[in-house]
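Listed next as C-alpha cells is one chain, alone, in the form predicted on its own.
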Amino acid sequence: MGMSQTKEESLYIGIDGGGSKCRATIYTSDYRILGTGVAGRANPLHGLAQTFQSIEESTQLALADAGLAASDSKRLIAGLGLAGVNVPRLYQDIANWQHPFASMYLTTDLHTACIGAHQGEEGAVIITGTGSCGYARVAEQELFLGGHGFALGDKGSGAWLGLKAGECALLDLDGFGEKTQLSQRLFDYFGVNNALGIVENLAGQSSSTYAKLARVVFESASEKDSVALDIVTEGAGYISELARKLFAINPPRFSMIGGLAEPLSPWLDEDVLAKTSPILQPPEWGAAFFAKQQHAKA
C-alpha cells in the first residue's frame, strides 16, 4: 500500500437544504467540484425524517456523480445549511443525528448562502423566492430579519405576490375593488371563468402554489395595470426597507438571492440597487467553506 492509500485527501460536502429541494456538492480541499446531487425538500420545520432522507439521497447522488462508492460518505467532512436550525430544539435534533459522514458541521441556510454569495467574506443577503428573508453577519454580529413564513410574513416574496393577486382579483370580481387585468389573467392561468374557479384552485394551497402566480403579477405590472403596480411597489418597498435594516450593521458586501431577485430588481429603490453585488458562489460552496473552517478549529 502506497502513501496515497493511508493518507487520503480530505473531501468536503456542502449541503443546502431548503423547502423545495436539497442540493449536495462534493469539493476537494481547494474547492474543485467532484460531484453534485439533488433530492427532495430538507426543511427540518416540515419534518426531520424527510430532512435526513433528502440529505442522504443527495449525498449518495453526489458520490455517484463523483465516481465514488456509497461507503465513501464516511470520508466526507460535511457542512449543512438548513432552514430553521436557528430554533435551538431543531438544532439539537439534527446535531444528535447518527449521520453518515466523517464529521458534520451545522448552521442555517441563510448563513451558508451568505458565505457563498461573498466567497467566504462577511456580508449581507436577502433571499427572495417562494419566501423572503434578510440576513447579515459582520464580526460577531448576526442579524436575521423577516422569514416568518407564509402567510404570516414573507412580504415581497413569490407567495406573497400570488396571495395579493388572488385577493385583488376576487375583490374586483365581487365589485368591491379596483378593476384589474389580474382577474382575467388568473382565469386564463387556471382555465376558469368565475371567482369560485379561482377560489377552488387556491383554497388551502401551499406557498409554492401561490408563488407560481408571481409571474402573472410582474407581467400585469409591466403593462401598467394599477392594481398589479401597487402590489409590486409595496413588495419591493418592503424588500428595500429590509436591505436598509441590514445595512445598519455595515456589511462590506450585499447580494440578492433567489428566483425573484432578478424580476424584483427594477422595482427596488436606487440606494439599494447601487449597493447590490453579484453572487460569487452558491450556498453549497458556502456550506463546504463553513465545514472546512469549523473542521480546522476542531
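Each residue number is its position in the shown sequence, starting from 1. Note that the structure is predicted; figures quoted are calculated from it, not measured.
Just so it is clear, the following notes concern the form predicted together with a further copy of the same chain, a form of the same protein that is not shown.
- Remark: all three candidate residues (164, 199 and 242) come within 4.5 Å of a further copy of the same chain in the model of the complex, counting heavy atoms only.
- Heavy atoms within 4.5 Å of a further copy of the same chain in the model of the complex map, among the stretches 166-174, 222-230, 75-83, 103-111, onto 166-174 alone.
- Taking the partner from the other structure, a further copy of the same chain in the model of the complex has a heavy atom within 4.5 Å of a heavy atom of residue 146.
- The shortest heavy atom separation between residue 267 and a further copy of the same chain in the model of the complex exceeds 4.5 Å.
- Using a 4.5 angstroms threshold between heavy atoms, residue 247 stays clear of a further copy of the same chain in the model of the complex.
- Remark: residue 151 counts among the residues lining a further copy of the same chain in the model of the complex, judged by a heavy atom distance of 4.5 Å or less.
- Residues of 83-102 that come within 4.5 Å of a further copy of the same chain in the model of the complex, judged by any heavy atom, are 87, 89 in sequence order.
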